[in-house]
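In the form predicted alone, a lone chain appears below as structure tokens.
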Amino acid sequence: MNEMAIRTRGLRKQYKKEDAVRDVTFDVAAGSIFGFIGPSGSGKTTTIRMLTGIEKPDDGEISVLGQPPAKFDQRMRGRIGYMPQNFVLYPDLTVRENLNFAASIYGMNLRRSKEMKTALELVELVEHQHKPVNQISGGMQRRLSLAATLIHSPTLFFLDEPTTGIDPVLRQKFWQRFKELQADGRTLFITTQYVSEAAYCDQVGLLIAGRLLTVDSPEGLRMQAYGGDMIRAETAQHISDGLILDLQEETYVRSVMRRDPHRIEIGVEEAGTDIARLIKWFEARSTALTFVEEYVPSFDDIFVSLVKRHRAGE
């Protein structure tokens, strides 16, 4: 069994008697990337602030690296890197001075030029390192915040929406670095509004309005949403309601959704074997398929499907 870097049980936090987070329970294995995904205002930042000891939960239990955050000492805090959602560095200092200051807080050796250079290169701020922070863009400030969080190579990273406002090319570069940190044995807890980033994570928690809908692997989320593999099929003939009802009766069919009169999406147990079944099934009903293929739904579609299912069950 993997050692757990983070454990929460029944977390709850209220502001003005309103639940910002309620009954949030999950585990994060050491050496994994845990994605905490949800829209703005869903409770992601509140949760991460409780995990880092900035906020105290009104109810529930937290263990981070084997300790409750309320008991963190200076040594323990040195094992943690936290990138907040808002910029908290010094606007009158230069990019390099801010990064140097962050390194000094964590007691890094004065011979840290290599680490500084690596961090600045990662966030593409080498050419801007001598500019005062109040003269660089908001996106650059986000990149500097990330560099300041990575500089002391902590054991556990809490990154609150690190890729917000970052262009897609640089975002991919960030995730490549996150994967390298994981390969080095680090643990990363990353919040994001970009549902597609679930693909980079080992486990994903979906948070809506302060409630944790589910925690699962990316593949497990797809299985939850659709019950199996997905197939797209098209026919020359009109797909009737009766044909869809008959198809839904097949034991290997999990779901059927008509996109237009000639195109449907079918959830099945296993696409590799069930495509052949579907071709024969349609041929037996004089409705030949003009197109059929397996497809992998986007995480945006998976997220929407899970949210709809959750709301339908309320």
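Only a predicted model underlies this, so the values are computations on that prediction, with no experimental measurement involved. Each residue number is its position in the shown sequence, starting from 1.
What comes next is about the form predicted together with a small molecule, which is not displayed.
Exercise for review: Using heavy atoms and a 4.5 Å cut-off, decide whether Lys16, Ala20 and Ser42 all contact the small molecule in the predicted complex.
Suggested key: Yes.
Exercise for review: With the small molecule left out of view, choose which of Gln85, Gln182, Gln129, Thr163 has a non-hydrogen atom within 4.5 angstroms of it in the predicted complex.
Suggested key: The option sitting close enough to the partner is Gln85.
Review point. Where does the small molecule sit in the predicted complex: which of 244-252, 61-69, 257-265, 33-41, heavy atoms within 4.5 Å?
Key: Going by heavy atoms within 4.5 Å, the stretch is 33-41.
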